[in-house]
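As structure tokens, one chain now follows by itself in the form predicted on its own.
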């Protein structure tokens, strides 16, 4: 999660610029504030399992990030954490399955699907690209980035951007962009630890 926090720190301005075109120009700042608070909580509470880490970060995002981003990212991580349970270690395939469950929970919460110009356009392709073993993190990063780029020509059908109608076309969805950062950080962490495919 520290790699995700660092990525959002670096890209805060870009996320805010993306959100200024189709939202209320606070996605970068909101995500940075939420992840900063989450990292402080992780340091203080020291959860004992990967599932507990994700659940704690999800709770902190819900409590500190305004708008839709907090509940959506919070749901993603809390559901993934619940899927992982309390085991101290999990393998990559279980992490993939947990992230898929998290993405499905986000879809249910937002009554949305890939193609609606939301974070799901990056999340679902990335999860599937992790592959059978769940270790193809480089492919997941590429799929998430491609999914985020694919939102540019889409017309938003959900969220605040949908109010813009045709004017939402031509802009990358900021949630898809931050989701791509999430998988980029996961890939970087896996590469650094020698666990990438």
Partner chain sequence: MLINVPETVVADALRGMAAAHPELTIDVENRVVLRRDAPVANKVGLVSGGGSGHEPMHAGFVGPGMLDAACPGEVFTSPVPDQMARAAAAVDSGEGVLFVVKNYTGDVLNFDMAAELAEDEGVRVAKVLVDDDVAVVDSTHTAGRRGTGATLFVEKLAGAAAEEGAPLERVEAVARQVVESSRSFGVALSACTTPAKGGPTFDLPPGELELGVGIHGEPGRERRGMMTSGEIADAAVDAVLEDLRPDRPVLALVNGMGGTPLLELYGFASEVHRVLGERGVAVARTLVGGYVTSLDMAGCSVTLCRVDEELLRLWDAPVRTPALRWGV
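Positions refer to the first chain, counted from 1. All values reported here derive from a predicted model rather than from experimental measurement.
This next part talks about the form predicted together with the partner chain, which is not shown.
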**Report entry** Contact assignment for the partner chain in the model of the complex, among 34, 159, 51, 147, heavy atom within 4.5 Å
**Finding:** 159
Report task. Could you check which residue among 172, 38, 65, 130 gets a heavy atom within 4.5 Å of the partner chain in the model of the complex? Result -> 65
Report task. Among 83-91, 119-127, 96-104, 67-75, mark the stretch whose residues have heavy atoms within 4.5 Å of the partner chain in the model of the complex. Result -> 67-75
Query raised in the report: So, in the model of the complex, is residue 20 in contact with the partner chain at a 4.5 angstroms heavy atom limit?
Result: yes
Query raised in the report: Though only this chain appears here, would residue 26 touch the partner chain in the model of the complex if you measure heavy atom gaps against 4.5 Å?
Result: yes
Query raised in the report: Hey, in the model of the complex, is residue 109 touching the partner chain, heavy atoms inside 4.5 Å?
Result: yes
Query raised in the report: Is there a heavy atom of residue 164 lying 4.5 Å or less from a heavy atom of the partner chain in the model of the complex?
Result: yes
Query raised in the report: Quick one: which residues from 78-98 get a non-hydrogen atom within 4.5 Å of the partner chain in the model of the complex?
Result: none
